[in-house]
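Just the one chain here, laid out as structure tokens, in the form predicted on its own.
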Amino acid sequence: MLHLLNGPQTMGNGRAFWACACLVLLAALIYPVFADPYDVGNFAYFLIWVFMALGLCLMWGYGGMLSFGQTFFFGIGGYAYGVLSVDLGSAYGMALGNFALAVLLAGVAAAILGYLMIYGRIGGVFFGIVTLAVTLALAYFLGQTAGPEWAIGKARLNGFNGMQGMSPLSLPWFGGDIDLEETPLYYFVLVLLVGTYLALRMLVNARFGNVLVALREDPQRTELLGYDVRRFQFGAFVIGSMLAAVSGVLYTAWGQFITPASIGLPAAAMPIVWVAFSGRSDLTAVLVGTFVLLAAFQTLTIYSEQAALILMGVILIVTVMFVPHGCFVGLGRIAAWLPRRGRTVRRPSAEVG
């Protein structure tokens, strides 16, 4: 299985790449030792959103399915975790059970929606329209749930004010549960993100990923070769949507709240910007580019939220017009090209008869 970490569908397959990756991971592991716990918690906030971007990369970059529905499943995962946390509690490892069940519920919703769209032959621009429509419908529905009648057990949805009062994630341990907040949450998210990234690398370099790329390039030819392209698209859609739900659960557990504003139109467009700017055709580019863009966006939001949103729009326009393959994919290709440029290639001389 380890040989699948290096393959044609991912950049960075040499020793230098993995050496740099290990150094970055080591720096990430020791970062909380020298940082304030509040800053560590904010760092974890940036990492939380990367799961959603990686899911969209799998669907759009490798499978050719542009989806505006990432925040739809983000919202399902977040609200499901909130309801389960309030009604069932989080003691004795129940928080992790709530986590898994919320992601599973989002996966069921993704399977239903994905089956209707993919097996209903909805593709191209209409795929994006349908996913955007269900996202806006969910955001509108949750926005009008302010009354006391909108409750599931003890959990009230609270309309635009959002759901509050849920418990943070916790790990069962001897002598009591360990609440995952600030530094513990950072390490939990970091380990989960590294595991997810490595698993996705193996997935896209396996037969599944090769077929995904083939049907992205030419679905008719791929189908003529005997592959059930809808089954591969369906699998990619469900996996990518469940990764968005992971972001939703972690976000809800991080802030112990969630609102419809995190699902609506501006939020739904953000993953598109992250993935397009980074380079939708590669997982590593999306991982690094999304984190960099989120950090820049959050820094600018401190001064002006409207300016940050305008900047996101400008970045998307510039990327589409001038760097359609993504900025970090382009940087990766340049880095791979430079060492080869300096090599002298000896050509065999022709013998004179």
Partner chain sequence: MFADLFAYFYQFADVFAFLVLSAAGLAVIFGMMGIINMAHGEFIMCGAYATTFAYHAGLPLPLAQACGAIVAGVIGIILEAVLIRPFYSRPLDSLLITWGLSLVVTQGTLIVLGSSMPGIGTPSGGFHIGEYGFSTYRMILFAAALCVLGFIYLLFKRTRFGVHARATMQNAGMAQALGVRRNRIYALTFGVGAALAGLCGALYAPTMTLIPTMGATFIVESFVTVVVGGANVLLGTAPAAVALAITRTALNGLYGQVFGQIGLLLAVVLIIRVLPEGFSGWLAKRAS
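Bear in mind the structure is a predicted one, so any value in this text is a computation, not a measurement. Positions refer to the first chain, counted from 1.
The protein also exists as the form predicted in complex with the partner chain; that form is not presented, and the subsequent description refers to it.
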Does residue 295 make contact with the partner chain in the predicted bound form, using a 4.5 Å heavy atom cut-off?
no
Residue 270: heavy atom within 4.5 Å of the partner chain in the predicted bound form?
yes
So in the predicted bound form, does any heavy atom of residue 37 sit within 4.5 Å of the partner chain?
no
Quick one: is residue 321 in contact with the partner chain in the predicted bound form, heavy atoms, 4.5 Å cut-off?
yes
Which of 103-111, 261-269, 81-89, 234-242 sits within 4.5 Å of the partner chain in the predicted bound form, heavy atom basis
261-269
The unique member of 194, 146, 178, 116 whose heavy atoms fall within 4.5 Å of the partner chain in the predicted bound form:
116
Out of 203, 190, 94, 122, which one falls within 4.5 Å of the partner chain in the predicted bound form, going by heavy atoms?
122
